[in-house]
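Shown here is one chain on its own, the form predicted on its own, set out as structure tokens.
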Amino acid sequence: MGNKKLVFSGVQPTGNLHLGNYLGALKNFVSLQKEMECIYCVVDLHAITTFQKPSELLENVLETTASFLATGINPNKSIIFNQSSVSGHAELAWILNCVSRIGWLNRMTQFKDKAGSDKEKASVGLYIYPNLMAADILLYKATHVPVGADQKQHLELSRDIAQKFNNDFNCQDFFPLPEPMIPRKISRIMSLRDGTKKMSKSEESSYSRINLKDTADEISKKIKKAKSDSDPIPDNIKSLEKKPEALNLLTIYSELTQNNLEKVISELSGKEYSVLKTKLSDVLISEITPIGKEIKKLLDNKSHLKNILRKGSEKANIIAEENLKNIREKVGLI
């Protein structure tokens, strides 16, 4: 696998991947593998920056792998593996810990969000995980990284670390500076209960999200109960901006039908939200339930999933070890 154009992306195995993950990441991963060489990683080392029950973590790694496959990521075209199975991630992360600067990490806004009000009780791993993210990318000399807008800051850090390594060890262009791939057309998918919050698997109410494993009945119930608005659908986006839950439902419908949001609003303006909800349920059931069925089918054969991860880690390790050999030489390690 060359280093001309190479995509790397990782997904945390925290269970219950949902519609936001599908529209914001997985669907894009499938498209990218048709155009570029891709490495897709289940980042289990990132997951343990906050405590995980070991049995649940193992199940979530397999479920995330099943979700990759069920949405169309092809292990014959892309490398699929779990992060902890390639020790080079941890080794390079330590080297990059010694290149990265504390001031850079202090500027990372996600640590403040995730650590909450008592950051003294957060794990050291949570604080330095952006350096591990940099190691994930640079270990393979990835040139492109699909990210959401909320991860752009971490990718900028990866670029800073790559540049500093190249300068410190007098090896210009050794690490490429990875380019962010932020899909222009993908909007943020928000909670079905609160349109000001991103759809999240950590939100307590399951009615806040459409999970990839939801049945047709569950999808229908969740969309019926989703917050919208008592007024008819307006004819412009500006009016909808004051009604975030209503705008979110229209945005999801627009993304799934691959129609421009303005066109969707124009077609549905003046109608009640019940009309939109019926249409949205039908589209969701058509697109999501086959994925859910495939995930459940794949989870019935865990040895198959483990085999895919094993083969993927073997392929990833070949690239990682070759690059690490050169990295050790640059740094002066034997």
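Fair warning: this is a prediction, and the values are worked out from it, not measured in the lab. Each residue number is its position in the shown sequence, starting from 1.
There is another form of the same protein, the form predicted together with a small molecule; it is not shown, and what comes next is about it.
Participant: Considering non-hydrogen atoms and a 4.5 Å limit, which listed residue (V147, V264, I73, I95) is close to the small molecule in the model of the complex?
Facilitator: Of the listed residues, the single hit is V147.
Participant: Taking 4.5 Å between heavy atoms as the contact cutoff, choose which of T143, S78, S85, Q151 touches the small molecule in the model of the complex.
Facilitator: Partner contact (heavy atom, 4.5 Å) among the options: Q151.
Participant: Would the small molecule be touched by all three of L247, T251 and Y273 in the model of the complex, meaning a heavy atom each within 4.5 Å?
Facilitator: Checked in the model of the complex: no contact with the small molecule for any of the three.
Participant: At 4.5 Å between heavy atoms, only one of the stretches 135-143, 214-222, 101-109, 201-209 reaches the small molecule in the model of the complex; which one is it?
Facilitator: Of the options, only 135-143 has residues within 4.5 Å of the partner.
Participant: So in the model of the complex, does F165 come within 4.5 Å of the small molecule, heavy atom to heavy atom?
Facilitator: It does not: once the small molecule is placed as it appears in the model of the complex, F165 has no heavy atom within 4.5 Å of it.
Participant: Please run the contact check for G10 against the small molecule in the model of the complex: heavy atoms, 4.5 angstroms, yes or no?
Facilitator: Result yes; G10 sits at the interface with the small molecule in the model of the complex.
Participant: Please tell me whether any heavy atom belonging to L280 falls inside 4.5 Å of a heavy atom of the small molecule, as the geometry stands in the model of the complex.
Facilitator: No.
Participant: Answer for I295 alone: is it within 4.5 Å of the small molecule in the model of the complex, judged on heavy atom distances?
Facilitator: No, no contact at 4.5 Å.
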